[in-house]
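Coming up is one lone chain in structure tokens, specifically the form predicted alone.
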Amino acid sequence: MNTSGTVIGIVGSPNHDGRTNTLISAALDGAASTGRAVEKIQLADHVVDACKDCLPWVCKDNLKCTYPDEAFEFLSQKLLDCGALILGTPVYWWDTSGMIKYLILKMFRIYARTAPLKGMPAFGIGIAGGTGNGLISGLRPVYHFFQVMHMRAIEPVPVTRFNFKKATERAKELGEQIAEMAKQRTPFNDLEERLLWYDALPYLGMSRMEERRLLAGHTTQALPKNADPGIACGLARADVLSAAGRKLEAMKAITQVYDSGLEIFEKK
């Protein structure tokens, strides 16, 4: 394996010029500012075939797919050779894009047991660009991939159109950080250390209510200065209800804040 040090950014969206591309580009700009070589790959140009889950299971020993798949051969070699990975996905119906899932499943099938990417720095970006729903749940499969492959991931960047500017700036900062980490891989000593590392990452352990509150918070922060202050105050009310164990009422209060904020945001 040739760890060239190149930081790879994969745009896991069918839209070459959409928000996912903008975020990956920002992260790669951050990496490039450290002097690292960077490369952006549009996954839409290299769509992996579905894994056939074939038996006997020989790909784990041969370290290649039994069936011809030029896209997977190209992408897997890029991953094996790179110094760090930035993986960006749009969020569809609270979930990761299908193109990324096809890539992940084949990587699991062939490389999970040998873990050739162990210690490689990585981070994921998820953009829930419509309603904003799934800004965390859409990232979890990406971080499951990092964990299973023994990669040393840093914090994710959950994005909506309401916090897009700030998230783009954060993606650039993390791109710089991951480029510095690429100087030397730091594999985990054992399974327990790896599991605790991923447990400590922000956002990923959020409940559905916490995820929705985060979304409502982003929505209210994007409101104009002359917006009704009572909208944001609704989040404080939701917190009080939640602390009192009145979860359903709290969730409804969060939704009311989100709906009110969204209505104003879309009129801007």
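A quick note: this is a predicted structure, and the numbers were derived from the prediction, not measured. Heads up: residue numbers just count along the shown sequence, starting at 1.
Below: the form predicted in complex with a small molecule, not depicted.
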Among Thr131, Gln77, Thr186, Thr114, which has any heavy atom within 4.5 Å of the small molecule in the predicted complex? Thr131
Give a yes or no on whether every one of Arg19, Trp94 and Ile127 sits within 4.5 angstroms of the small molecule in the predicted complex by heavy atom. yes
Using a 4.5 Å heavy atom cut-off, which stretch among 169 to 177, 148 to 156, 86 to 94, 194 to 202 contacts the small molecule in the predicted complex? 86 to 94
May I ask you to check whether Asn15 falls inside a 4.5 Å heavy atom distance of the small molecule in the predicted complex? yes
